[in-house]
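Just the one chain here, the form predicted on its own, laid out as structure tokens.
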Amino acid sequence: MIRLLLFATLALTAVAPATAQPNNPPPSNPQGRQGVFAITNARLVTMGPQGVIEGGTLVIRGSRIEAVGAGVAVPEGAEVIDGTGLDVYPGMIDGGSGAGLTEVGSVPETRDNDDLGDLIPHFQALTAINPNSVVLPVTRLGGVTSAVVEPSGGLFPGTAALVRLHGYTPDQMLVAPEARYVVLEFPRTGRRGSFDQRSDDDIKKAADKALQKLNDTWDAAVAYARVDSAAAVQPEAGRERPYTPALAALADVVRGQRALLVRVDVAADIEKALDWAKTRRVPRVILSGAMEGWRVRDRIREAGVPVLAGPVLAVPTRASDRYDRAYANPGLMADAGIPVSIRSGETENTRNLPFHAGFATAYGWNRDAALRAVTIGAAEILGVADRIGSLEPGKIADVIVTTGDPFETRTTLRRLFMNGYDVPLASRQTDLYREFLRRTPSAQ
């Protein structure tokens, strides 16, 4: 039964939620252009203090939103976009993805999501991103304009970054200088699945060893941060301290300058991770994954830790669970009072983020709350709510114009603005569509 439901889920996700109109002409500038734009007569879903504005006008100037409202005047010289019958939303944010880090999963040469070593928190996912990845255009045509791209492998596999899925260079894609998060793969303390044939004693020994390694590394980072801070005041205090990139990256977490993104799924491990973070006084913690977060939602709420939950389009973590536990998980945690956003956990299918949210709403989560979770709610958790996540004057113009609810498969994207650029609705998929529409029979 679970397999049948998963196949049905995959069939639904095969259609992009906000598909571009395929017969648009090829763009002269694939990156788009900035200017002054006024979207008029549209339904503006601001996700900000103004709520939903019927028949409103949104003005974009350069990279920023200049004005939002029902009585906003169109600036002289602006390009007017008639939004009659259309909805305008802030671009959606994926809380965990591999987009831009992997091109073809089965080809090692195209994978840059991990590096050698178990303790490499200084490995920057941002420097590994391919801005020209064919995955990015189709993702943004799904209404997803930003994503946390995260490394994998090892105890501290590297530093994730929140990037805008548009730009020529990684630095252009970074949403904000502070939008980087050190990733911790919290040690698993239980059996990894039916394939795991280790004895209970061996499992415990491996878990204890991994936890000891984590503690030793963290203690070293605390000491490094203490010496580093002292050296900033008295340079001679740091003369005997060699520069260690891994500890320097963790020192930023110790000082609260970066959040620690703790990837953990099993309920017992979530509790251990929360206890560890409290004992070690980690200033800023974000749980990532938390597939069994619904089981320990009271503990997570008491800890005051936000969650990037998902993937939602998944089978239950335990064969004995209800088929819909993965679908309901984000909503159950949010209803318990936990700040929750959604991570797709995908690479080429990061475009399906709206469907992850849509499934969560179909299985109990309030639709408006789910929409908030993939827009301003995600921005709040990631510390960039002053820049993106809602349609407010002064914020970066990451804006999608749609024919309806972005969670619906029949909804199409009519206009896309990223960092104020009017981005063409084109991708590898639309290019192929046009090519085969124009094909001619072979001469032979």
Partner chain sequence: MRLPALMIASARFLLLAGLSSAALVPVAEAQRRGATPARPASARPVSVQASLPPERASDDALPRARTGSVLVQGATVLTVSHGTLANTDVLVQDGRIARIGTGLSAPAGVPVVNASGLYLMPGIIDAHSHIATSSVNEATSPVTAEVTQEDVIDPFDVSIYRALAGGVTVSHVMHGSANVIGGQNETIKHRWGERDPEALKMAGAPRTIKFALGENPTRVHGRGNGIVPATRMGVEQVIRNAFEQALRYKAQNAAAARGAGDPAPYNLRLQTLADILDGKVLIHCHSYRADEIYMLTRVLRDYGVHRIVFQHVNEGFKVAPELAAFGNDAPTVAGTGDGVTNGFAMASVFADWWAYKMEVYYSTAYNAAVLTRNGVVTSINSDSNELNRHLYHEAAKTQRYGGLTDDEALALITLNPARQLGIDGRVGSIDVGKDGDLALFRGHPLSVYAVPLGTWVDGIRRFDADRDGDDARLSVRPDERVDTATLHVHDDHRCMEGVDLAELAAEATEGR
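Residue numbers count along the first chain shown, from 1. Remember, it's a predicted structure, so these values are computed and weren't measured experimentally.
The same protein also exists as the form predicted in complex with its partner chain; that form is not shown, yet it is the one meant from here on.
When the contact criterion is heavy atoms within 4.5 Å, does Q124 count as touching its partner chain in the predicted bound form? Although its partner chain is absent here, Q124 would stay clear of it in the predicted bound form, with no heavy atoms inside 4.5 Å.
Contact flag, D405 vs its partner chain in the predicted bound form, heavy atom cut 4.5 Å: Flag for D405 set to yes.
Is the gap between D298 and its partner chain in the predicted bound form 4.5 Å or less for some heavy atom pair? No - in the predicted bound form, heavy atoms of D298 and its partner chain never come within 4.5 Å of each other.
Hey, in the predicted bound form, does S106 get a heavy atom within 4.5 angstroms of its partner chain? S106: yes, in contact with its partner chain in the predicted bound form.
Can you work out whether its partner chain is within 4.5 angstroms of a heavy atom in all three of Y168, Q212 and A248 in the predicted bound form? Judged in the predicted bound form, none of Y168, Q212 and A248 sits within 4.5 Å of its partner chain.
Candidate from G190, P283, P75, G337 lying within 4.5 Å of its partner chain in the predicted bound form - any heavy atom: Flagged contact: G190.
Considering its partner chain in the predicted bound form, which of D228, D252, D114, D87 comes within 4.5 Å of it through any heavy atom? Result of the distance check: D114.
Looking at heavy atoms inside 4.5 Å, which stretch does its partner chain contact in the predicted bound form, given the options 321-329, 298-306, 270-278, 170-178? Looking at the other structure, the answer is 321-329.
Heavy atom contacts to its partner chain in the predicted bound form at 4.5 Å, residues of 351-370 in sequence order: Read in sequence order, the residues that approach its partner chain (within 4.5 Å, in the predicted bound form) are R351, N352, F355, G358, F359, T361, A362, Y363, R367.
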